[in-house]
Every structure is written in structure tokens, then in C-alpha cells.
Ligand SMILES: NC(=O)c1ccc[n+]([C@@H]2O[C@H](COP(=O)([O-])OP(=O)(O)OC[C@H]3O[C@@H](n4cnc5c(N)ncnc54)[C@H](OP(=O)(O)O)[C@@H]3O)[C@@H](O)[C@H]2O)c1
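The data below hold one chain only, encoded as C-alpha cells and taken in the form predicted on its own.
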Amino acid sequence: MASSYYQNKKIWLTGASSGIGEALCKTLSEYGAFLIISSRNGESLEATRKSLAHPEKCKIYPIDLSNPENVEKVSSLVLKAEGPIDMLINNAGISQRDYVINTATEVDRQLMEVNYFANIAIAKKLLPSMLERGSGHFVIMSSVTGHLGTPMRSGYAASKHALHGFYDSLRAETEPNGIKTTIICPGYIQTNISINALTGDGSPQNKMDENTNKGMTPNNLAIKALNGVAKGKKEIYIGGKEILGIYIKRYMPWLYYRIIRNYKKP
């Protein structure tokens, strides 16, 4: 069973205070994992901790992924206080809803800082101890948009594409050393990602997308994702018919480009 893979594993999970991250925390706690949870909001993290099956097996470390100095400080603190980490689940991220012509370059930089640079900075911090022990598992929450570029997602898609390039390389380098890497690519999931998504000037959209509202629940995604991680899968696609876009682009690119050209809704 998947639950046995996580029993007593020390797992650091970012973006743990809501949505997919919160659902992953609850499932992992039921599986008996020791959790280290992070996000910007300490009060929300405490609420997540209290909701767990085993809150006594959970430590809280607030982190601001938009601040490189804070990312370095908290990563060092976690390693020093908690020791080697068995699994890193880099789940935190922020999305986007605006056209390229309307999006300030500063917004693109913010998306890359949170979704990419902070993500890989934490991974690099944990990597030496994993190599020393000859074990460890990196789990990255990407997106279908890590394979596809769609309208109003240019900066978001770029940040997720970058994650695939980095972690494919990391996997190739470290798999012989006993380190696993799994990239999870969700489609539409019922979270606040579209509400918090950045518009062209950096302000949040403050609106729920129709497709997101009709998506899979975070709890269902958590179970499917963790089952795939436990099986050692290198990539996991989770969602509805939007997942087909990955295969259409791979095997029938001409059809993908025709579909995406006429895609208007965010």
C-alpha cells in the first residue's frame, strides 16, 4: 500500500496552508509521515497542523518564497533543526491571468522567483545531505501548463516549463545515487489558484475560473498523486479531459496548435 511508503518519513512540504498542499498534508499525516510544513502565513499553517490526524508529528516553518534571503535562511534552519529530509514536496506556487501584451516584466520575474528560483533553491539546499545518505525523493507540483502554453498563462507556463527542464536534469544526475524525482502535472483542481492569480500589473484576479471551479477536488488529487509518488513514477498527470492536451501536443502537434489558437477562456 502507498501509505507504508510514507510511514515515519520526514517530509518538507511548501504551500501547505491551503488547496493541494493542505490536502497532501492531511493525507500524509494519515499515512504516518512526520511533516515539516511551510507557507507565508503562520496562522494558516497552524490551522493546517491542528486539522491533521497526527498534529504532534508536524513542525511549522513559515517562508516567503518571493524573498531569496528568507528562502536561504529558512532552508538552513530546517536542516539544522530537523536534520536530513527524506522527501521534499515543492508544492507552493502562483498562477497568472493576463495576455503577454498586458503583463509587466516585473510580474514575469515574480512568477519565476516564486515558482522556479525558490523551488530549486530549496532543492539544492537539501541535495548534499541526500547524496551523502544515498536516498531522498524530490516531488514537484508542476501543471499541465508545464507541457503546454495557453493564452493568459505566458509567465506561469514559462516557470513550469523551467521546472521540467531543471528536474529532468537533476533526475538524470542523481538517480544513480538513489535519489528519486517525481513531477506531478495537475489539470483543473478546485483551489483558489485562479482567485490569487496575478494579472498584468501584479494584482490578483480575485475571480474563480469556471474550469477551475468544476475541477477535481484537492483530496482526490492528493490520493492519486501520493499513490504515484510511492510507485516511483517520474511524471504523473492528474485531471480531466485537459490532460489529453499533453498527448495531443506530443503526437498530433498540428491539432494542438489549431485547438490552442482558438482557445479564449482563461
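Quantities reported herein were computed from a predicted structural model and do not represent experimental measurements. We number the residues from 1 along the sequence you see.
Below, we turn to the form predicted together with the ligand, even though it does not appear here.
Can you tell me which of 100-108, 168-176, 181-189, 128-136 lies within 4.5 Å of the ligand in the predicted complex, counting heavy atoms only?
Answer to the contact question: 181-189.
Does the 4.5 Å heavy atom contact test between N206 and the ligand in the predicted complex come out positive?
Flag for N206 set to no.
Contact of N196 with the ligand in the predicted complex (heavy atom, 4.5 Å)
Close contact exists here: in the predicted complex, N196 approaches the ligand to within 4.5 Å, heavy atoms only.
Though only this chain appears here, would G19 touch the ligand in the predicted complex if you measure heavy atom gaps against 4.5 Å?
Taking the distances in the predicted complex, the answer for G19 is yes, it comes within 4.5 Å of the ligand.
At 4.5 Å between heavy atoms, is V114 in contact with the ligand in the predicted complex?
V114: yes, in contact with the ligand in the predicted complex.
Within 4.5 Å of the ligand in the predicted complex, which residues of 36-50 have a heavy atom? Give them in sequence order, or say none.
Residues within 4.5 Å: S39, R40, N41.
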